[in-house]
Every structure is written in C-alpha cells, then in structure tokens.
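Okay, so we've got the same protein chain twice, two forms, each given alone as structure tokens, structure 1 and structure 2.
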Structure 1
Amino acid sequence: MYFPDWFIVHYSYMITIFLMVSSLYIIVMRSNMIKKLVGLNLFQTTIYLLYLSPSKITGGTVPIIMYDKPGAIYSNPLPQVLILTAIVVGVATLSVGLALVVRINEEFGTIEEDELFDGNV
C-alpha cells in the first residue's frame, strides 16, 4: 500500500490526529480558562473518535445472542460501552471546571491565567 493510499483508507485517523493536535494547542497556548476547558472538551471528543474508529468491522453484525448465526462476524460492543461512560465523566469534568472558573472569577475578577500568575489581582 502506497503512502497516499494509506491516507485515503485511514482518513478518520488523520482527522482524529488533527483534532487532537489542535486541541492540545488550544490547551497549552491560551490563557483564558474557558478556552482551555473548550480545548479539553475537544480533546476528550477526539479520544472518543480514536476508540470508536477501529471498533466498526466492515460486514460485521450486531452482537445479539438471539440472532446467532454460525460463522458470522460480530462488531465489538465494548468500545461503545466505554465511550458512554467516558461521556458521562467528560460532562462531569466540564461542569466542575466551569464551576471553578466561576468561583475564580468571583474571587479574583478575572479568568485569564496570565493575570492570576502575575500577582496583579
């Protein structure tokens, strides 16, 4: 398989890598805490894509016992279950982070990290 063909076949991985790098850039380079939380949320979403992309098997059927067919290829249901749990944890993490940002804004009057670390507040 030639190098350009690999990009065409695995385009979902290329999109995931691009989103992951851009979300890490947002987290590291921005000083606004809300923007950092958005970057963290985007990073969590790319992890979901990373787990779900290889879980779909072409020609695979739903793994339900009552439709058991000899020689059938089944898709793995475990990644979907793990991602449902990760979504709940991600929503809880985002809500706690937003609550902390609100408290920091009430206490110091800013949500910019640069202003907090400079000691001008």
Structure 2
Amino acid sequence: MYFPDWFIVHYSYMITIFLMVSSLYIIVMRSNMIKKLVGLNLFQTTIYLLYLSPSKITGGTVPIIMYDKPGAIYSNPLPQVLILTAIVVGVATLSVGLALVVRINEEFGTIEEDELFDGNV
C-alpha cells in the first residue's frame, strides 16, 4: 500500500475515532439532557461511518444492478441494510428520550442533571 492510500485509510479511521470520542465526551461531561441526547445521536452517526467506510470498494458503484453492464463492481450492500435499520430505530429511540425530557421538565422544572441530583428543585 503506497503512501496516499495509507493516509486516506487512516485519516478516515482517525476522524471516525475522533468524532466517536468527542460525542462520548458530550454525553459524559455535559449535564443538560438535550445536549446529552444530541451527543447520543452523534455517537450513532459515527457508527454509520465505522460500518460504511469499509463497505466502499475502489472502482465500485452503488449496489443497484445494471442490466446492461454484467461484471460491474458494486459496493457491499449488507452494511448499508444494517445501517438503514439503525437510522430509523435511532430516531425512534431519540423521540422516546425527548419525551422523557419533556416529562422531567414538566415535573421538576429543569433539564439539568446536576440540579436534579442536588435536589434543590
């Protein structure tokens, strides 16, 4: 593997890892629940990258079979199916989390986790 390919591969992985750890940082370090949910959502998008960047093949194209070109190279369709499932389930879980945030805000008047734990609400 000559240098540009090596660099592209590792640049992609490094950015993916950076995004993953940064969204984990948001989840752990921020006490605002909406921001925590944003962090969870971003963490999920980094998983899409981790699955889909190996599924791209050099010279390959979108996995929709072309009748007139037998023997064409296609990218791997299986991770795309899995991630398609993950996105829609992700928005469903996100909406459940947001509904919990709305209920917590109605009961306690705050969406900050630290204020909830201190008990001065």
Partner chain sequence: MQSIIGMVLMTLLAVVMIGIIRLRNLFAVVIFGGIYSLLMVGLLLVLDAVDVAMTEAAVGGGLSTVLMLSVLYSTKEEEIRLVRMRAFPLFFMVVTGVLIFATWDLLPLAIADLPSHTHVSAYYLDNSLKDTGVPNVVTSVLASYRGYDTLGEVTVIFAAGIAVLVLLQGSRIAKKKVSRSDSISGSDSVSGLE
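Heads up, when I say rigid core I mean the largest set of C-alphas that superpose within 1.5 Å between the two forms. Quick caveat, the model's predicted, so the values are computed rather than measured. FYI, numbering is relative to structure 1, first residue = 1.
Only structure 2 of the pair represents the form predicted together with the partner chain.
After superposition on the rigid core, the Cα atom of His10 is displaced by 2.4 Å between the two structures.
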